[in-house]
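Encoded as structure tokens, the following chain is the form predicted on its own, with no partner shown.
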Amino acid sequence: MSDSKENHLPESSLPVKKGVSVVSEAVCQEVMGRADAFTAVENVFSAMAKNTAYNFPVIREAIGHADALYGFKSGFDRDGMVLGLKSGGYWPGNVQKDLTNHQSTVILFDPDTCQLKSLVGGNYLTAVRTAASSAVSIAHLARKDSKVLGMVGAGHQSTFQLRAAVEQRDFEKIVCWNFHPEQIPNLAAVAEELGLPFESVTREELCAQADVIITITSAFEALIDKDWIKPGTHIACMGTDTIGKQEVDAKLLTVDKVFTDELAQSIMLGEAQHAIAQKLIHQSDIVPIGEVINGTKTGRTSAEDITLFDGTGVGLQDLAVASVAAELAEAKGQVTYFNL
């Protein structure tokens, strides 16, 4: 006669289900550093180039209220086993409410069951992953002897960009231009904190001095002319993520080498959209930066090359940093849980 209990595990040996984890904005800022973000973004660019990570079609629309843009970015990273989406957008009036204009939340699912896994604050992570993206481009494409960093834009995300960029090269000076000059002191204060000389200049002067240029604006017109760029410059265009936006002269994308985070987004809503529309370049002229990371395509080949990175911002970046933030927060006991 068999024991009816022999096929049942003791209750204590069953896996404990804690529920859906919640990682707040404050916790994200505490646990997620620039080094972790850099590694997460670099790894996901590599996976995308190997076709083991996929971004799904982006939804981004003007909602007809508050001059806002709202949308979803989603994807699946099979290497990292990360599935989910980021939902949010750009609310230009938020600054009057003491809120950042960019608002978002990352939602992660268990890729084996599609059960809701985590809710992660996305505002800080959006800024830190965008900065990590340009930093990855600098690490792989900028000249090793780059000394002057040019910042076009001095808004909320510019401070993240500056901090991440200076960790990739031994910059000796920061030059900056911004449409709203009253915002420049905020970026100057970060440069002072980092011990770097800072100068507010015209756009043309910035291009004449800078070895690396980061554009991080919400512009809908070219701010940088092709003829201003000197040989050997690396340009990271980080602000154009919507149809119609533009930061640099479309002819600038006819430079020696153009790279991007994701080709489909680059030609549809990134900086390359204008050069493609004007038939100045072909899709085949743009190289995913993951190919450079993986060594399957070359990056910079000479000190004279002008390189441009079209950083459109892909959902997989958000999922990668959110997944790492959730893991770090859970390991430190800084998450809360709930059950649906």
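Throughout, we count residues from 1 along the sequence that is shown. On a predicted model such as this, the values are computed, not experimentally measured, just so you know.
Keep in mind the form predicted in complex with ligand NAD is missing from the figure; the text below concerns it.
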With a 4.5 Å heavy atom cut-off to ligand NAD in the model of the complex, the contacting stretch among 225-233, 103-111, 250-258, 178-186 is 178-186
Ile216: heavy atom within 4.5 Å of ligand NAD in the model of the complex? yes
Test of understanding: in the model of the complex, would Arg163 fall inside 4.5 Å of ligand NAD by heavy atoms? no
How about Gly290 - does it come within 4.5 Å of ligand NAD in the model of the complex, if we only consider non-hydrogen atoms? no
Does ligand NAD come within 4.5 Å of any heavy atom of Asp77 in the model of the complex? no
Sole residue of Arg143, Lys173, His156, Lys117 within 4.5 Å of ligand NAD in the model of the complex, by heavy atom: His156
Even though the chain is shown alone, can you say which residues of 219-257 have a heavy atom within 4.5 Å of ligand NAD in the model of the complex? Ala219, Leu223, Met238, Gly239, Asp241, Lys245
